[in-house]
Structure formats: C-alpha cells, structure tokens
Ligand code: 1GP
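Below you'll find only one chain, the form predicted on its own, shown as structure tokens.
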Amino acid sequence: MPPRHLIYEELVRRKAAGLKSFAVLVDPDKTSVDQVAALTEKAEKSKVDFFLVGGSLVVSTHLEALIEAIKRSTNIPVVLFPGSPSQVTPAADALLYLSLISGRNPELLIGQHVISAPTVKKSGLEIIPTGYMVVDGGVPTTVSYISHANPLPANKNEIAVCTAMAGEMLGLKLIYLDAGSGAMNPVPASMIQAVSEQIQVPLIVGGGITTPQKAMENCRSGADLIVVGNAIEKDIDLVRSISEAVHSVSRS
C-alpha cells in the first residue's frame, strides 16, 4: 500500500513504468457493511490496486462506516469518488477532487468546490485534482441527469482531446473518462488512445466495462487505471478476471 499522501505519486510511478492499475468502484447505495468482508477478500486475492468509493447520489447514511469496514479488512488504498460535497470523510486515504470539465455547469466546475473547500482541507485526505469527463454511453446515466450537463459525443474524439488537454494545462493531475454507471457502451478505444497520446498525466477510464477483454483493450489503448463497479455488483467473480486482464497488459 502506498503511504498516506502518496497515492498520486504511486499512480505517476506506475504510469512511467508502463504498469496498469485496477480499481473496484464501491457504491454505498448498493453495498452494505456486511458485504465488505467478501468483497475485500476477493479483491486481496485478485490483487486489486485501489478501491474507489462514492456515487452520483448516495442516499444511504453509512458511507463512513463502509469505508472504515474496508480499511479494517484490507490494506488496499481507499479513494473517495464523490458525487457531492457531502461525500467527504477522513476515513479514506485520498479524494478525487472532481471538476466536471466536459460540462458547462459552473456548480460542478467550481461552485461545489468553493462550498466544500474548508471541510476538504481539514480532512487530512490526499487531495487529487481530477478533470472529470462524462462520455455518452448510449443511455441516460445518473451522473448526466444530476449534473445537468450533456455528455461528450462518443464519436467526437477531437472534443475529448481538447478538453483533456485544457484540463491538464489548468493543472488538473488526473483525467477521468467515464461513460457512467450502467452505460450501454463503454468509452471508445479510439477516444482513449487519442486522449492518452496528448496528455502526460495518468488517465482513468470507467463506465460500461463488463468484460476482461474490454478492460484489456482499454489498457492497450492508453488507460492507466481501469475502474469497474456495476458489472462487479452483478458478478463478483469478475474481480479476478478483470484484474488479471488489466495487469497482463502491464507485463506485455
């Protein structure tokens, strides 16, 4: 496990070494504390690199208890993937401080960050500024509905590339391409490749990844960190096969 406050440095190191990473996304609305032991055991055996915890809504009230249970069960780092300022707890190791750069909603570009800044700064979490880019996954997703922002067209690689470049030049430390939970179509491999070729910061890809083959394709296209949540909620055995697929690219 990377020391606290060094998760970003670990991502950069792994990218420089050509190593791919795999994160399991845990939605507190779909995962109970009682399910944590089975999940973390599977993740440990499958050599999962990170847990991402959060969601677009999170109507449950056990976010902190869930993270604490994960931390008791494993040394795998826990990174918050918040859908709102309320989804911040010092129980985690790091926070993806998301700016929705693919949309034009000022609240999700900077507005909610202003509100959450004092709490976030006091949390002691490692804060990782992240350019969040929602890509059309073929069906309406919770994140596109909640954000009041149209997703990037899946067939417009040039828009994605310019958006990612702008985010990097503004100082964002990660770029996250996301088709959204339950997406019919994942982020196109051609878009991943086009973006990865034009940025230096680590590239995260998630949404609609349901098979080891798709995870492997995304890694070969330039993704540095693969995030899978919805598919694993339906079939926990995918943790091992997708993790093996992601890490096999690292060895190739």
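Just count from 1 along the sequence shown to find any residue number. Everything numeric in this text was worked out from a predicted model, so none of it was measured.
One more form of this protein exists, namely the form predicted in complex with this ligand; it is left out here, but the text below deals with it.
Shown alone, this chain has one stretch from 60 to 68, 41 to 49, 213 to 221, 200 to 208 that lies within 4.5 Å of this ligand in the predicted complex by heavy atoms: 200 to 208. For the marked spot (Pro77, Tyr97 and Thr130), a heavy atom within 4.5 Å of this ligand in the predicted complex is absent from each of the three residues. Proximity to this ligand in the predicted complex, defined as a heavy atom within 4.5 Å, singles out one entry of Leu225, Val53, Ala183, Val195, which is Ala183. Though the partner is left out of this view, Asn230 does reach within 4.5 Å of this ligand in the predicted complex, counting heavy atoms only. Using a 4.5 angstroms limit between non-hydrogen atoms, Leu11 is distant from this ligand in the predicted complex. A residue is said to contact a partner when one of its heavy atoms sits within 4.5 Å of a partner heavy atom; Asp93 fails this definition for this ligand in the predicted complex, lying far away.
Shown here without this ligand, the chain has only Leu25 in 7 to 37 lying with a heavy atom within 4.5 Å of that partner in the predicted complex.
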